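In structure tokens, one chain follows: the form predicted alone.
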């Protein structure tokens, strides 16, 4: 076995690392995946969706832990059906509820994990990377939730992977612990060149670290792309309008020259995409139209956050 700095090179942002075509998976009466088509390039990729959307099932299929009913997928060009062992050798994983031995020190845990790989990283180096050097000889059972998750990320990096998959890595952490884990992911990606796939429902954190995202619901990919692409598909500026009747206002302003896209999110919320060079005129026109027709507008806010995009995508789906 080898250790030291001779690690596998990191991934490049233009390198395709995951491709899925028509993935289907059913468990009894539950259609967990319904024709998933994805292409994931190097970087930090977010899987977004409510509970039961199929995120964890997709991860397990990509790792060869469960077979798809139909469809195909590759990870680093390796087929998930016939080369799953090779895929797992090149991929680090932190499951949603990792079960690390609690009666073992952090250093010994990483030493034992390294023995499973032909090439691995030294425990002390990994512990330094995740900020746990001072806890190297403490038993894992005494770790806080945040320390436990950071150790889990170190464990996922033992085998010098080019890709690390994290399933809900911050769901059980407090605000400070979440911030630490997100910053750690960002730092490892920048300094090590490791790509990440992160499944999470905490949108503000994904927005801070992800290059691209895909929205899943009921086993289907509703939309995917870079956050900037999703933020303004028409190239304009997105505003959130809070009004007394979003549907009525949308019907009234849909024909305005300087309003490009309208999306009714709920009864009181309207997302408006305007020409980037004509934002103020567009908003004035919307306000004037609302007043003339007896509708209240209580807020005009800059939109386009990942949460806004999520609400828009899920609203689209509910209207189908």
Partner chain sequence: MSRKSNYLASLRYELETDFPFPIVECVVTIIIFAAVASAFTGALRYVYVFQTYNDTEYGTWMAQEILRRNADHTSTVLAMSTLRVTQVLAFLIPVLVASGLAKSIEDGTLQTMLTYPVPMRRVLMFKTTIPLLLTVVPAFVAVALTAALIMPTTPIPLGVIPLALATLCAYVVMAVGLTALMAVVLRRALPTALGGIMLWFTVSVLGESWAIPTTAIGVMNPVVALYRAITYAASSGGVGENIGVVTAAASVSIMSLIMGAVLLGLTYRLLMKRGVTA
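Residue numbers count along the first chain shown, from 1. Predicted model only: the values in this text are computed from it and were never measured.
This protein has a second form, the form predicted in complex with its partner chain, left out of what is shown; the following refers to that one.
Interface membership of residue 93, defined by any non-hydrogen atom within 4.5 Å of its partner chain in the model of the complex, is confirmed.
In the model of the complex, its partner chain sits within 4.5 Å of a heavy atom belonging to residue 108.
Interface membership of residue 113, defined by any non-hydrogen atom within 4.5 Å of its partner chain in the model of the complex, is confirmed. The closest non-hydrogen atom of residue 311 lies beyond 4.5 Å of its partner chain in the model of the complex.
The stretch among 265 to 273, 63 to 71, 37 to 45, 289 to 297 whose residues place heavy atoms within 4.5 Å of its partner chain in the model of the complex is 63 to 71. Between its partner chain and the residues 244, 226, 133, 89, the one pair within 4.5 Å by heavy atoms in the model of the complex involves 89.
With the partner removed from view, the residue among 179, 104, 222, 202 that has a non-hydrogen atom within 4.5 Å of its partner chain in the model of the complex turns out to be 104. The putative spot formed by 25, 85 and 100 is fully lined by its partner chain in the model of the complex; each residue has a non-hydrogen atom within 4.5 angstroms of it.
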